[in-house]
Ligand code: GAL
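Okay, here we've got a single chain as structure tokens, the form predicted on its own, with questions on binding and movement later.
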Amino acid sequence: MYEQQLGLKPPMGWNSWNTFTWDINEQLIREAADTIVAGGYKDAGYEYIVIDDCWSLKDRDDDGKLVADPIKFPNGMKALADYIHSKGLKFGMYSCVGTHTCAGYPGSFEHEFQDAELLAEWGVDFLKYDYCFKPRHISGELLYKRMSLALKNCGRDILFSACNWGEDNVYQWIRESGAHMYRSTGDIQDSWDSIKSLTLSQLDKASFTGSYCHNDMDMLVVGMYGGSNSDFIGSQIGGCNDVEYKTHFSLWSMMGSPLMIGSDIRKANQPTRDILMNRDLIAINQDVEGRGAYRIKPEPQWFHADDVFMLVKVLTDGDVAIGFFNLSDGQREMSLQFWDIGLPYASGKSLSLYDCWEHKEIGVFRERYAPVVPAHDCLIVRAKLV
């Protein structure tokens, strides 16, 4: 009855919040689904269309059921789900562990089983479950386990996206709760400082991600360019440049985060499309073993700096993905000694390196590789033992 592979790989899709926040409607969601298919995103692996907060009325009905806002969604959620499914995509929605959502709409506290059954009736495939307005003396851990149990018994496969922002020592209990992915950070903003801060906060958390329970570093801001209708997310910040968006996407891909697009993909320019549909990076993110990436600091002069580092991700086929990340404000040479990834000179083996952004072979190297990486930029290589 149930797909055993639900949550095997980091989910990929699009979410309404980063760009549109409260300003959502049925036509927008349909157009996003259309674009995911027509624009080639579905073929690249993006499959979930997720409506975030602000979709319901402010009160439940007389039977305690959630009610979709009839002005924003005049045909109802079942019809919208059917439309998204007709495109070969999956439909996601939003609720909250508390009495209310973060924007003040009804939450699922003490309605977990009722809401799970309603979502199943509507044809929902994904639930983002936020953490606002939780009663203070009730365990958040218990509330996530409660909704997990409700979803697993609602009669439909629904991927469970827990979103408690890394609170309550979530790393220690989230896998056991049944969640398929979990937010480990505060909200992302469309700024380089935000991307850098979220990244550095998760570099020591590689052991807390993997198949069926993925560490979610929040949605992608690639291609937003400050285009949110929310001052907090980025409309007053100005966004990032394409190099910074490239580094952002590379970090999320290497670190195994779900890839949930947050920009207005209907208006995406070619650099944004090239970043979001980089098949070499997506293949690294979607590697079936779902291993976290470990950090190596370069020697010697930047060893004590946190903003210059390499990430190494072991892949299923024996290849190794290696990211050279320079989050600092100046150009850096970054020397990777192959013995740091388990390849001694005495082995007689070398590494054949393939550039995942230029999509071409770099060459064969023995003992070390030392590229020069510009400020805020990165180099991602797929290394094969030869």
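Residues carry their position along the shown sequence, with the first being 1. No experiment lies behind these values; they were computed from the predicted model shown.
The discussion below concerns the form predicted together with the named molecule, not included here.
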**Message:** in the predicted bound form, does each of W14, F91 and F160 have a heavy atom within 4.5 Å of the named molecule?
**Reply:** no
**Request:** Within 4.5 Å of the named molecule in the predicted bound form, counting heavy atoms only, one of 223 to 231, 145 to 153, 273 to 281, 94 to 102 shows up; tell me which.
**Result:** 94 to 102
**Request:** Would you please decide whether D187 lies within 4.5 angstroms of the named molecule in the predicted bound form, comparing each non-hydrogen atom pair?
**Result:** yes
**Message:** Can you tell me whether K128 touches the named molecule? I mean in the predicted bound form, with a 4.5 angstroms heavy atom cut-off.
**Reply:** yes
**Request:** Give a yes/no on whether R183 approaches the named molecule to within 4.5 Å in the predicted bound form, heavy atoms considered.
**Result:** yes
**Message:** Against the named molecule in the predicted bound form, would V124 count as a contact residue? Criterion: heavy atoms within 4.5 Å.
**Reply:** no
**Fill in**
Interface check vs the named molecule in the predicted bound form: of E47, E26, D319, D53, the one with a heavy atom inside 4.5 Å is D53
**Request:** Please pick, from F113, W165, W173, F133, the one residue with any non-hydrogen atom lying within 4.5 angstroms of the named molecule in the predicted bound form.
**Result:** W165
